[in-house]
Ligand SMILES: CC(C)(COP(=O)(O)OP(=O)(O)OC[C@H]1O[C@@H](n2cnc3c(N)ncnc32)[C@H](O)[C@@H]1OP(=O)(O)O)[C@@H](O)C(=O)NCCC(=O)NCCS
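This document opens with one chain alone, in structure tokens, the form predicted on its own.
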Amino acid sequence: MADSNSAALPTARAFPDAVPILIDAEAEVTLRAAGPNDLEAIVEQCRDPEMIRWTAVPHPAGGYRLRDAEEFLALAAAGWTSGQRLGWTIEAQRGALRRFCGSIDLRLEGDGVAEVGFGLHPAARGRSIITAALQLVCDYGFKVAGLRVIRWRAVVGNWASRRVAAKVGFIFDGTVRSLLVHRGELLDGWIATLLRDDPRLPEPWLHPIQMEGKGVRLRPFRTSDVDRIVEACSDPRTTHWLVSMPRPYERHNALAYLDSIAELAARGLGVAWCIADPRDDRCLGSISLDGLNGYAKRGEIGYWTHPDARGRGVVTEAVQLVTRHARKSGLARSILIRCARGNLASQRVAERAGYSKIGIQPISEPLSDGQLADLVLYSCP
């Protein structure tokens, strides 16, 4: 995939001639040396709120300026001269011209280890440009620079960056507390690695595709749903049957819930949808399919409803939509629903969606009033 004008790590020539040009012809992405013509676009990228939020790009009073971009070019040149930081401009189509679309670098740490960093111009996002760039850099790192391992790190919550690393085949290693220094704060960070001999297969990542049904829409959750989530999960009926809900249930709990379902999707273990009203798109509840990624292709559906959506059949329709999607997509061959024995409303949803009762799980679950409830098991024939 990568074309390089060098067979070894280029240290003998001066910047920018020392920078090998890497090309992915199919993706129409070129990696080249940064130059003066990139300065304006570098400023635009580094003033972008997402760059400021997730990366260590300088954020001086008054914002990132041309002189900051000039300092960045000087650092890029010094990195190639020292052989410790190998950086490229990402060039691709943006508007009517091929021009600066972002930047990417390898920070060599010695002993065949490097860390990769990247950022994309806001007008170039959503086109897999950064994925192609990361693949090129990994090829160069392993085949030319002689690396044995490339590491990726990001602040927890930077899902866009994590998704890119997963597409290229980085193996997610976990979350480390206070891993990264970010504008004077120690923040929890994610870390993933790619070894030279890894197969570089995309990591499984599930996506809640939008589905339309009778009086209901299933779509991904958004942060704009948080207030409705708080209302639903503060409802006494909900908290009675779902005892794992924090009490009181507050906004930070709802945000943590969104993070938890995003983590399930990122690991290929489950997927969750917002049950929305097709008329105004407001959140009516949640439905999830989890327990996935096993060899047996078994899944379990769970759901909860906002109080003002009860009695309208929206959850039954949602269960039918998710069941059909799971079967058609191959996510699950068998699907289970478990309801507390006294939760007749939840049981009626399962039965009306076409599920059959298959037994009682005699593992009692504590309810909010301290009573114990066995679970009724339903399966889709």
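The first residue of the sequence shown is number 1, and the count goes up from there. Owing to the predicted nature of the structure, the values given are computational and were not obtained by experimental measurement.
Beyond the structure shown, there is the form predicted in complex with the named molecule, which is absent from this document and is the topic of what follows.
Per the 4.5 Å heavy atom criterion, the named molecule in the model of the complex is contacted by stretch 51-59, the sole one of 32-40, 350-358, 320-328, 51-59. The listed set Arg85, Lys167, Arg151, Arg99 contains one residue whose heavy atoms approach the named molecule in the model of the complex to within 4.5 Å, identified as Lys167.
Between the named molecule and the residues Ser224, Ser260, Ser128, Gln93, the one pair within 4.5 Å by heavy atoms in the model of the complex involves Ser128. The named molecule is not shown here, and in the model of the complex it never comes within 4.5 Å of any heavy atom of Ala272. At the 4.5 Å threshold, heavy atoms of Arg219 stay clear of the named molecule in the model of the complex, well away from it. None of the heavy atoms of Arg228 is located within 4.5 Å of the named molecule in the model of the complex. Contact between Ala114 and the named molecule in the model of the complex is not found at the 4.5 Å heavy atom cutoff.
The candidate spot formed by Gly119, Ala160 and Trp205 lies fully in contact with the named molecule in the model of the complex, as each residue has a heavy atom within 4.5 Å of it.
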